[in-house]
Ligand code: AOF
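A single chain comes next, written as structure tokens; it is the form predicted alone.
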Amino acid sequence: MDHPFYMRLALDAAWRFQLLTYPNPAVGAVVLDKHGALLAVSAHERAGGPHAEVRAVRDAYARLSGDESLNGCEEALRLHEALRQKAGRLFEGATIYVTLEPCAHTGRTPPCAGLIEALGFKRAVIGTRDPNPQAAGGIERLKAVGIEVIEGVEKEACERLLEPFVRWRAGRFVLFKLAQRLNGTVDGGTISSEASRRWVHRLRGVADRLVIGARTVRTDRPLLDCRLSGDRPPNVTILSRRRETVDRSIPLFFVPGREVEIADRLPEKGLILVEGGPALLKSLEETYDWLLLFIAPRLKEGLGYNGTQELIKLHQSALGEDITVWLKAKHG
């Protein structure tokens, strides 16, 4: 079996939900049958929902059995119980790939290691161990019942995927989101596709704070809600050294259920999403952890980012019409 290939499939699946699982880590999983045929590729999508392993096993079960009664089910406890009752010996000899060690504790969902054990998997291929001591222990649990465990496959890439989780557990993680066209211009109206904007609205819905610069507030008079995803509106921090100059008639101040503060520095804890343009990016280039670029497939004259900064590309994928590129500042 090409273990790195299947782990990369799991990684690609997980990156589609990077940060959307907050405060949980992004995790991907792949299931192969006893002959090595690919059955399912899935990922954890939201905190409180089924973990990546359970979603992948659910999809694999439907393919093996023809029973589609669990398709679309997002209730973790129900899935765990139903799969234990229905799967029988379908997964004997099967292999599961997971970017992160399967959890061994009962939290908002039952332990994934217990499900893998109960279904009779032959092998578990794991990218990296869980840094959370409350959830760790799955590897030892699987080994104790005779399941073959292969560790460290694509370990560096799996640890990179996990970095936001490690950072926000220690204090905070700051993501700067920037939309631009192919030639780097960032002004002149809506840039990103609807699919990209819906994804960003989902991220706003889980972030502890949405941060925006006072200049953008004055120029764009944004609403900064989550109307495309239906999530709660994010609390907002407006960065400004002159609080008295911020126009409080701007629409973002009147979104129900949100708190708006004006401050001269970023919040200290949690998942912090920064949305802004070149000036704000320049001012925070030594502060943010990752940069997420949404690159639209069009050209237009206008304002661009003219700063100088070395970045490391972490991941790239398509979202709607756009290209998304995750980048890490070399200072991080």
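Numbers for residues come from their place in the sequence shown, where the first is 1. The shown structure was predicted, so the numbers you read here are calculated from the model rather than taken from an experiment.
A second form of this protein, the form predicted together with this ligand, is not displayed here; the remarks below concern that form.
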Is residue 18 near this ligand? Define near as a heavy atom within 4.5 Å, in the predicted bound form.
no
So, residue 108 and this ligand: in the predicted bound form, are they within 4.5 Å at any heavy atom pair?
yes
Although this ligand is absent from this view, report whether residue 135 comes within 4.5 Å of it in the predicted bound form, heavy atoms only.
yes
Contact of residue 44 with this ligand in the predicted bound form (heavy atom, 4.5 Å):
yes
Position in contact with this ligand when the complex is considered in the predicted bound form, options 103, 94, 211, 174, heavy atoms within 4.5 Å:
103
Which of 278-286, 44-52, 65-73, 294-302 has heavy atoms within 4.5 Å of this ligand in the predicted bound form?
44-52
Contact check in the predicted bound form: 25, 130 and 165 versus this ligand, with a cutoff of 4.5 Å between any heavy atoms. Do all three pass?
yes
Pull the contact list for 291-311: residues with a heavy atom within 4.5 Å of this ligand in the predicted bound form, in sequence order.
none
